[in-house]
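First comes one chain, alone, set out as structure tokens in the form predicted on its own.
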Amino acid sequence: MNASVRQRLHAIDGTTTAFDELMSRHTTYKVGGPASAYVDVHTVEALQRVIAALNQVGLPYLVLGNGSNVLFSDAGFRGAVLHLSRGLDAVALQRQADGSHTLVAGAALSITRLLRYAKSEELAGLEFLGGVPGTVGGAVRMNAGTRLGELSESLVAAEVVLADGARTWLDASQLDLSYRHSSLPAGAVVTAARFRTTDATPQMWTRLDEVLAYRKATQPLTMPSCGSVFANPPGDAAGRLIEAAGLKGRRSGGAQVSEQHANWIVNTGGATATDVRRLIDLCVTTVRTRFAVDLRHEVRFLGDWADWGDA
């Protein structure tokens, strides 16, 4: 990246920029090579200016939440990684007398903080996100959820900054939400989400606490990972198929198919992105051969994977 582009990014108010930043510092897998620029963005207006500047110089960009559902290549990313940060994590509640309430959350707000707020305000309609890592923006992008439900059940609309810098709200019906999928416009960045909520009962939150306790007992939450690697195929569970294929505990370098939950691949220490990717591809090919089922990975492969063949 030349000096003029660096100076241009540095000059944008409401941002903090680092160059040649290792993505292993910003992802839950703790792997990944350098990005040309890593830009912390604190306001929507700053995001619009950053996108405009990047478009003018032709530098590609992508958006990162808390890095919990991504795998950056060891080669890194020849572009800018935009990280929505403090200032884009506000939450506001509009209560209605009929018990139907609207909650607006910034895209940088973590799901953990969102649920903590909902519980403190005795709100129902978001509890199905319990145990989901990441941020509100990432949850919208992948229509996040658990076996209790998914984001599409309560999402009313999402605010986005489009690739041309325009800021607008899109109704949930415009996002083509399906299982772990949305169809946001190319280059669009989610900046906020509007949810439909109702009054909660104490029993509902007790049930959520039980679900979180079960997840804690059955998932390797203390080890670096991306969470669940694969979406569950219809009528089955990815973890069951991977375990039945004999891959539970399989290693590649410092990466391992978790011995606690086979749909998690963990960094046991010193893993590379290549180690993780090899295990992902091994799971795909082995399950396809053994059970004629094609696993679809939820984790996003980011950065330069140009020399990597498809599984």
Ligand SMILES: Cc1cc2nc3c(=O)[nH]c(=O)nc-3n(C[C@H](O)[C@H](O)[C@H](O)COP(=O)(O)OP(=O)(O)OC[C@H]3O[C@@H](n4cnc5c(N)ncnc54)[C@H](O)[C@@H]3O)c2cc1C
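Note that the structure is predicted; figures quoted are calculated from it, not measured. For every residue, the number given is its place in the sequence shown, counted from 1.
Just so it is clear, the following notes concern the form predicted together with the ligand, a form of the same protein that is not shown.
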Considering Leu126, Val189, Ala158, Ala80, which brings a non-hydrogen atom within 4.5 Å of the ligand in the predicted bound form? Val189
Of Leu115, Leu241, Leu103, Met142, which residue is found within 4.5 angstroms of the ligand in the predicted bound form when only non-hydrogen atoms are counted? Met142
Please run the contact check for Leu295 against the ligand in the predicted bound form: heavy atoms, 4.5 angstroms, yes or no? no
In the predicted bound form, Leu64 touching the ligand (heavy atom, 4.5 Å): yes
Is the gap between Leu9 and the ligand in the predicted bound form 4.5 Å or less for some heavy atom pair? no
Thr198: heavy atom within 4.5 Å of the ligand in the predicted bound form? no
Please pick out the stretch from 91 to 99, 189 to 197, 169 to 177, 117 to 125 that is in contact with the ligand in the predicted bound form, where contact means heavy atoms within 4.5 Å. 189 to 197
Are all three residues Gly137, Thr146 and Cys226 in contact with the ligand in the predicted bound form, where contact means a non-hydrogen atom within 4.5 Å? yes
